[in-house]
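Shown next are two forms of a single protein chain, provided one at a time as structure tokens under the names structure 1 and structure 2.
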Structure 1
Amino acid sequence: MSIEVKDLNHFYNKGTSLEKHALDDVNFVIDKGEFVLIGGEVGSGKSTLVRHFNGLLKPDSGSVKINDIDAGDKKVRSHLGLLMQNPQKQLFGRTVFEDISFGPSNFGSKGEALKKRVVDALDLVGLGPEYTEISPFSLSGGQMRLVALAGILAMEPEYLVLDEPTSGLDPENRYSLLSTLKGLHCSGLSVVVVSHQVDEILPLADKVILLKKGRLAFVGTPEEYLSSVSSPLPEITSFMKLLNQAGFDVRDNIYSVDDAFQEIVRSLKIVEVEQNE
């Protein structure tokens, strides 16, 4: 059970003067149950990559398989849900219920079972059943995003893929979305987050995949990522690297404020002892 990307190539505007090799021989596997960060700068091919996961884009060569099913097969959509950037733009229902129930009702769910799915999905994103009858357009941006996420969760996917889910949210909404994702992962869902915000996703991830100009630049654990990749890094990590360059003896494969504090205290004490001697 996995997402398997094999020798994936994708071109935009193939055969024209604007041709762009957006994905260049990309290979990796995401196992079921993992929390994965897909990082990279704007234009590195992250969004292009995840659009292959549910068949929105087709490979020019190579393949993407979800649980051994080709990603172009419609069956994939009940296994894998994709939340695109600014998902509030995808809302269309007159009520939150209409919006969230659209997916599952297309797959044959109805009546009480459908109602339950909608309420359960709302519950997963931290919204109560009282939201079902109101218009999604009367909600705040952060809540609209949660409703869009609930619409995907109502399909009961095994893999949840999110493209820049926190961009444009204020710190409070950001925090609540991140803890929702953490909870979903703990309950067994595979979560794949595309983001250039390494700071907030890295602490949650089991695996990091980094793209650079359409090529795979790194696959590994967060610890390996922090020691071997030069950018993008969490703020604290890059600060610790700067400290090392300035002659402080600190570990630089850390990203939390508390760890950084401990390291600085430790290294300053050593300096002090040396001075005393």
Structure 2
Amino acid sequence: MSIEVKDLNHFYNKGTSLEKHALDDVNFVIDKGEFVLIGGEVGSGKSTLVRHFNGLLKPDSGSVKINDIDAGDKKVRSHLGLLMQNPQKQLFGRTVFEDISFGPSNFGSKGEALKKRVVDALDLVGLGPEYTEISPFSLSGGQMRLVALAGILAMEPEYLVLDEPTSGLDPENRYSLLSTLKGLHCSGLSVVVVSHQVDEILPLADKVILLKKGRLAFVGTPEEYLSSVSSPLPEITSFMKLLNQAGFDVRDNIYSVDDAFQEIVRSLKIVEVEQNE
């Protein structure tokens, strides 16, 4: 069970003077249950890549398969949910209930079972049942994003793919969303996040996929990423490297604030012991 990308190529404006090779022979596998960060600079092909996951874009050559099903097949929609970069554009219902229930109702869910799906999906993103009768367009930007996410979760996908999910959110809503994603992954959902904000996502990730100018630049664990890629690095990793260069005995392959704090405390305790001897 996996997302398999094989020899994927995609062109924009193919055969014209504006032709752009957006994805160039991209190959990787995302196994079920993983939390994956797809990183890269703006224009590296990240959004183009994930739009192939549910058939929004078709390969010019190569293939994308979800659990051995071609991504262009409608059956994929029951396996994979994609939250777009501007999720507010995915909202359309008069009420939150109407919006979230749209997908499952189209797949046959109705009555009390449908209501339960909607309420359960809201609970997963930290919103209560009182939101069901509210217009989604009266909510804050962060709440609208959570409702759009709930609409995807109500479909009970195996894979959740999010394109720049924290873009434009204030720190409180950003923290809330990341906590929600962490909880969803811990519950067994496969999570794929497209983001150039390496600092935010790397501490949550099992695997990192890096694109540069449409080509695959790296696939591996966060630890392997830090040791083999010069940029982009989390700010906390860069800070630890500076400390190391300044003579402090600290590990610099660290990418979370909590780990950095513990490592600095460990180093200071060693210095204190040495000074007291």
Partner chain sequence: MIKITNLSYRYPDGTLALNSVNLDIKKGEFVVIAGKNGCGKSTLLRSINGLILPSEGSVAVNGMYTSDRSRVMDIRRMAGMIFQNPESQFIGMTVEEDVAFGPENLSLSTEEIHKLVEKSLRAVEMHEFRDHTPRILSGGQKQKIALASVLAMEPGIILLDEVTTMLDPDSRNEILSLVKRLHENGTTIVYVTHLLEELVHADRLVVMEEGRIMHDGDPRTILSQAKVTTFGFNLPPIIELSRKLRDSGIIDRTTFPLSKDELMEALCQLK
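This structure is a prediction, so every number in the text was calculated from the model and none was measured. Start at 1 and count along the sequence of structure 1; that gives the residue numbers used here. Rigid core: the largest C-alpha set superposing within 1.5 Å between the two forms.
Legend entry - Panel number for the form predicted on its own: Number 2 is right.
Legend entry - Per-residue C-alpha change between the two structures, Leu18, threshold 2 Å, rigid core fit: No: Leu18 shifts by under 2 Å between the two structures.
Inset, instruction - Note yes or no: does the Cα of Gln262 move by 2 Å or more between the two structures after the core is superposed? - result: Yes.
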